[in-house]
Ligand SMILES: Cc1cc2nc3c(=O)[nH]c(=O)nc-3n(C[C@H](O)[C@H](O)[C@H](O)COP(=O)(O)O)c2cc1C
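Consider the single chain below, provided in structure tokens and representing the form predicted alone.
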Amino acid sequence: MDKVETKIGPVGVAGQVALAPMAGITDLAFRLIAKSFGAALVYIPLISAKALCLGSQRTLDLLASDPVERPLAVQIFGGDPETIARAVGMLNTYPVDIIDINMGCPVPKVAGHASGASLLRTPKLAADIVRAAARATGLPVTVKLRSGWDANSINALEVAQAVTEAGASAIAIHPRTKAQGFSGRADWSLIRLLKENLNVPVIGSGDVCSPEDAGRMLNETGCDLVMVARAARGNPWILSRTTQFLETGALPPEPTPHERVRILAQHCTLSANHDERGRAALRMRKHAAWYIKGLKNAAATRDKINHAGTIDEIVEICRGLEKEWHESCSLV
């Protein structure tokens, strides 16, 4: 069966499963893992437009990418149209295919500075930002938003209509309010509302924790793609299992403990290859905890990894686990 293709502007996205942009998590190494597991679309997450314009080396480092990631989106945030336009102009020189503007991040250091989810309270400014971005690039501009600031101001449709009229080529919605953060349930009816009222692709996000969830979201909302977020941490198999489930109706088995440890070791190696080893070791500690969660002796193994000083030590621990937890091992 051929993959379903969605057009975001001129960019074709083959498949219906995207990996959500998650700051501090979906770095280059993780995105490469995700692509190898069939993610149709991945994002460089949460680049500050202001920091990019100021030439922050730390920000520039986040823009590292690999050709196998394409189509690749880069997500930026900011509250000033002129700054956004300058940042987008700089991104034109990078090998990316889509510019995504974050209008949903609830964390204070983003939403507290007239950007991220704060833009939900100012639809005109949100539209001005998209208009400025679209004028600064020939790439499609998309928006990721939430349902509203709080339960008393659910205005996702109003904001989505404003930004699409300003030039947005697709909308991704996580239907929780800023006030909810990640608590409660995502209101999928808002995904359907946007899909029924917009003439651009709609990407649904929120509470996609299994292949069955993804299928239910597509059926209930009519959205074009589903976005997997927290459920992919330490579990890239959800991307391949969901893709296969959507394409064939067959539900592949969960990975074995041996396979989980093997991919963890591969993730460690990729992280070391694309970052300074000290930083990679610190980053991989949290990823390792997600990969081995629920496995036999996970707590003791996690403690060993947290005391590892280098990525090589973490890989060595993983190799030891591969031998100890072979196919005969089982989840506890």
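In this text, residue numbers run from 1 along the sequence as written. Just so we're clear, the structure is a prediction, and the values are computed from it rather than from any experiment.
Below, we refer to the form predicted in complex with the named molecule, which is not included among the displayed structures.
Student: Could you tell me if Ser115 has a non-hydrogen atom within 4.5 Å of the named molecule in the model of the complex?
Tutor: No, no contact at 4.5 Å.
Student: With heavy atoms only and a cut-off of 4.5 Å, decide whether Gln75 touches the named molecule in the model of the complex.
Tutor: Yes.
Student: Can any non-hydrogen atom of Leu46 be found within 4.5 angstroms of the named molecule in the model of the complex?
Tutor: Judged by the heavy-atom cut-off of 4.5 Å, Leu46 is in contact with the named molecule in the model of the complex.
Student: With heavy atoms only and a cut-off of 4.5 Å, decide whether Pro140 touches the named molecule in the model of the complex.
Tutor: Pro140 lies outside the contact set for the named molecule.
Student: Choose from 257 to 265, 83 to 91, 227 to 235, 130 to 138 the stretch whose residues reach within 4.5 Å of the named molecule in the model of the complex, heavy atoms counted.
Tutor: Of the options given, it is 227 to 235.
Student: Please pick, from Gly206, Gly148, Gly79, Pro201, the one residue with any non-hydrogen atom lying within 4.5 angstroms of the named molecule in the model of the complex.
Tutor: Looking at the other structure, the residue within range turns out to be Gly206.
Student: With the partner left out here, which residues of 7 to 23 have a non-hydrogen atom within 4.5 Å of the named molecule in the model of the complex?
Tutor: The stretch touches the partner through Ala20, Pro21, Met22, Ala23.
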